[in-house]
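In the block that follows, a single chain appears as C-alpha cells, in the form predicted alone.
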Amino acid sequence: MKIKANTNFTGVDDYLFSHINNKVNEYLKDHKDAKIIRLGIGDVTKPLPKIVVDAMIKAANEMGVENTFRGYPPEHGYTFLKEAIRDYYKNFKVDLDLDTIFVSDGAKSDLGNILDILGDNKAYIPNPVYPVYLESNEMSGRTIEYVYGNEENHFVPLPSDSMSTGIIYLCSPNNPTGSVYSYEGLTKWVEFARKTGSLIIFDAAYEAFIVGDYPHSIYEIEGAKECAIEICSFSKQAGFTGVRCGYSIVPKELDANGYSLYKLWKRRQATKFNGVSYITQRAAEAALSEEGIKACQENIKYYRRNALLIKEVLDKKNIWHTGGDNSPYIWLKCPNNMKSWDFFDYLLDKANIVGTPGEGFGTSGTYFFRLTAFGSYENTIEACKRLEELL
C-alpha cells in the first residue's frame, strides 16, 4: 500500500501489564505447581453491590418491553446519570453544569481521546505515571517533559520555574504511588496553569478512596474551572472494571486560543462515540444513590484493610513506602537497593507474588515497586506472610 502509517506508534513499548503477564506465563511453564498471588494489575475482586446488579437486571428487563425499550443512548449520557453525578459532586461543595458532564465507557478512553481536541502542545507528565498519559501523547507525536516525583517530594511534585505553557497531567490519589495532593499543593498547580495559560487534565479515578482533609475534585480549588478538565471512573469506586463506565467534566469556561474546549469535546463525542448502554448507566446511577455509595464504600473498606496489612509488614521491615491510606496502591522502595525488574523476578521466584515494577511507570520508579490491595483478603494475608519471611 502507498498510504502512510502513523509511525508514532512504532516508538511505544509493549503495554506494561501485557509484558508482566507474559513474564508470569513464562515462569509458570517451568513452575506449574506455583501458587501465584497477583498483586500487580489494579483490577477489583469484590463483586458488584446488590443494588447495582438489581438496577442492571431491571434495566435489562425494560429493554425487553416495547414501551420501555431504548435505542441509541444520548452520546453525552442520559440525564438521570448526569444528575446523579452532579449531586455526588455536591458532597464536595462543587456545583456542576449538567451540560459539562460527558458520560463515557471509562476514564482510560477519555484520557486517550481528549487529545483529539488539543493541538500541538507540550505535555507535562508525572514520572512515575500511569502509562496511558505518556503513551497516548507519544502516539500523537507530542513533545513530552517530565515532572519528577521522588522520596523528597513524597511523589507529589509541584510546578517548577523551568515549566511553561502546556498540557499538565495530575492524578490524585496517584497511580502508581498512592500519594494524594493537599489543597495547598493542588492550589499551586491551578495558579500555575492560570498564570501560564496551561490546561490541567486531572485524573480523579481513585477519589472514593480518600479519607481525611484532601480534595476529591480539582474543582474544589478556586479558578480550576478556567484551566482544568476532570476525568473520573466507576471502575474503582463501584467495581466497574468489567462493566465500563466513566465520565469527563469539561467546563464551559475553558478557552483555548479562542476556541471553546467544551464545544470541541461535545462535537468530538457526537461524531466518534455512540454513548454508553442504558443498562450500564442505570447501574452507575444506582452506585451513586445513598444506598449505592454506602455499599461501594464497604468494598473500598475491604481493600483498605488489605492495604493496611501490607503496610504493617513494610513498617515492621523498615521499608520506605507511601500510599495505602487513601489509595489501593502501596508504593515501596525495593530492599537492598535492587532495581524494580530485579525485585519483580526475585519476588516471583522466591515468594510467588506478582507486583508491578516501578520502572514500568517511568525512570523515577527504577528502585520502587507497586503492590495493590485489590486481592482477596485471604490472598493478601498469605502474601503478607510470604513477604515477612522473604524481606
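Numbers follow the displayed sequence, beginning with 1. The structure displayed is predicted, hence computed values, not measured ones.
Absent from the display: the form predicted together with a small molecule. The rest refers to it.
Contacting member of R86, K108, K266, R142, with respect to the small molecule in the predicted bound form [4.5 Å, heavy atom] | Contact with the small molecule in the predicted bound form is made by K108 alone.
Heavy atom within 4.5 Å of the small molecule in the predicted bound form - the one residue of Y124, F209, F155, Y133 that qualifies | Of the candidates Y124, F209, F155, Y133, Y133 is the one lying within 4.5 Å of the small molecule in the predicted bound form.
N175, K236 and R244 each touching the small molecule in the predicted bound form (heavy atom, 4.5 Å) = Yes, because N175, K236 and R244 each have a heavy atom that approaches the small molecule to within 4.5 Å in the predicted bound form.
Picking from 287 to 295, 198 to 206, 155 to 163, 270 to 278, which part of the chain touches the small molecule in the predicted bound form when contact means heavy atoms within 4.5 Å?
-> Residues of 198 to 206 come within 4.5 Å of the partner.
Non-hydrogen atom contact I229 with the small molecule in the predicted bound form at 4.5 angstroms | Contact with the small molecule, no.
Given that the partner is absent here, does V103 sit within 4.5 Å of the small molecule in the predicted bound form, heavy atoms only?
-> Contact with the small molecule, no.
Do C171 and the small molecule come within 4.5 Å of each other in the predicted bound form, heavy atoms counted?
-> C171: yes, in contact with the small molecule in the predicted bound form.
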